[in-house]
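This document opens with one chain alone, in structure tokens, the form predicted alone.
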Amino acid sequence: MNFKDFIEDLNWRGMIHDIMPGTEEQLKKEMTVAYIGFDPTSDSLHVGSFAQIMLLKRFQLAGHKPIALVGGATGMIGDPSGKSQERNLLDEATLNKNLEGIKAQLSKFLDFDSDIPNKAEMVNNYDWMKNYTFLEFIRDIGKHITVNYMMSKDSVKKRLGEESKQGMSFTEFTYQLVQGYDFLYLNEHKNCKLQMGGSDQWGNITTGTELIRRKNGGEAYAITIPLVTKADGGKFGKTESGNVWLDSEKTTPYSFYQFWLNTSDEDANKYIKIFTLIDPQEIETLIEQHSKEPHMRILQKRLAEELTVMVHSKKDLENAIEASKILFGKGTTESLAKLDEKTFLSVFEGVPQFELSKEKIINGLGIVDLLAGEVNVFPSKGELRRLIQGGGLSLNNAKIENADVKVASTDLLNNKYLLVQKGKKDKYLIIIK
């Protein structure tokens, strides 16, 4: 990509919601500095932030200079945009921990360390806000933006309108001024001329451009991208167990891989454009192939592969594919034993669980007594023996051919689990304590 391709590429990928007049001309003219702000309410970003991360990555690949701003100061206030109530404020120690985690994650996507002229930078708005007194702020900044202007923003109107019973605190009302000052500060100190973000941020971003224009008569521009949605109306980036995080401790690479693999055809068609760096021609080919053989899930597989490698690693992708085979009964006992505990539990999430004391199997326990006595996976020993005779029982993905087999501590997966399978589909997990 080069300067001229950036907007064209975003348009093709469906990644422009609003763009301020003059922005495209500015980007074609010279290397431009732009920033996006990230919410520091956790020590990890989740896939809800992924479109913005990829926006910064594309910006750098196009030859421009990206700044990732982590809102150490704004995180102490709370942004009213798109929210119906005020959020909890964070203390400084929690914020610092969260900022470190976010920095580490963004480093996987942006080049912060090389000598290129457009190398990325990371900034924390707490650094320039912490010594700014309230009186100085309202004198230097507040006087440039009218209350009428601030009240005209949609995010403010919604919170003050008839729908809202709680109203809006002065703290949140001033949020757009604080974010506007971030843009002004970066404009003055980093020659930053563009702010980018989600479409819900348009009001806050344009307050910044207005502040730069009124205070310094400077140039400032804005781009927002559509908020990513799911075709069925569900919230993107959420599963039954909560957010899909970029941190492998919060969401295992296997669960991350499965999230993308399970997207609908319509969503996969959209997501592969937004979240990958695959060039348009190849994407068009993939979409065409997928339409001819939708049951092969070509788009979903490629999407899951690209993103798992990008966010985690090639090794994590290989492990996730291996774990997926196990889920569908294609794995061996050896491959099952290789899974780490978090991935193992992710694979068998929702499987009926039973508990057993480790003392029971120290000297070996007959499989019939175990499954139809100690944990009652099966209601009768006779039924279990007939199942074994018919070749319908597996333990740790190995078929049990003899009802006299004994189970011992050496059979445990991760020194803690036994996986029982009845027939082709029914699985049970025994947790040894």
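The term rigid core refers to the most C-alpha atoms you can superpose between the two forms while keeping them within 1.5 Å. Counting begins at 1, following the sequence as shown. The model shown is predicted, which means the values in this text are computed figures rather than measured ones.
From this point on, the text means the form predicted in complex with the RNA, which you will not see here.
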**OP:** State yes or no: in the predicted bound form, is some non-hydrogen atom of residue 328 no more than 4.5 angstroms from a non-hydrogen atom of the RNA?
**Re:** yes
**OP:** Using a 4.5 Å heavy atom cut-off, state whether residue 263 contacts the RNA in the predicted bound form.
**Re:** yes
Original post:
Taking 4.5 angstroms as the cut-off for heavy atoms, does residue 425 touch the RNA in the predicted bound form?
Top reply: yes
Original post:
Is the gap between residue 387 and the RNA in the predicted bound form 4.5 Å or less for some heavy atom pair?
Top reply: yes
**OP:** Identify which of 63, 373, 366, 392 has a heavy atom within 4.5 Å of the RNA in the predicted bound form; exactly one of them does.
**Re:** 392
Subject >> Contact residue in the predicted bound form, chosen from 98, 187, 251, 300 - any heavy atom within 4.5 Å of the RNA >> reply: 300
Subject >> Stretch in contact, per heavy atom within 4.5 angstroms of the RNA in the predicted bound form, of 264 to 272, 114 to 122, 219 to 227, 143 to 151 >> reply: 264 to 272
**OP:** Return yes or no for residue 381: a CA shift of at least 2 Å between this form and the one not shown, with the rigid core superposed?
**Re:** yes
**OP:** Answer yes if the Cα of residue 14 shifts by 2 angstroms or more between this form and the one not shown on a rigid-core superposition, and no otherwise.
**Re:** no
Original post:
Cα of residue 370 displaced 2 Å or more between this form and the one not shown, core superposed?
Top reply: yes
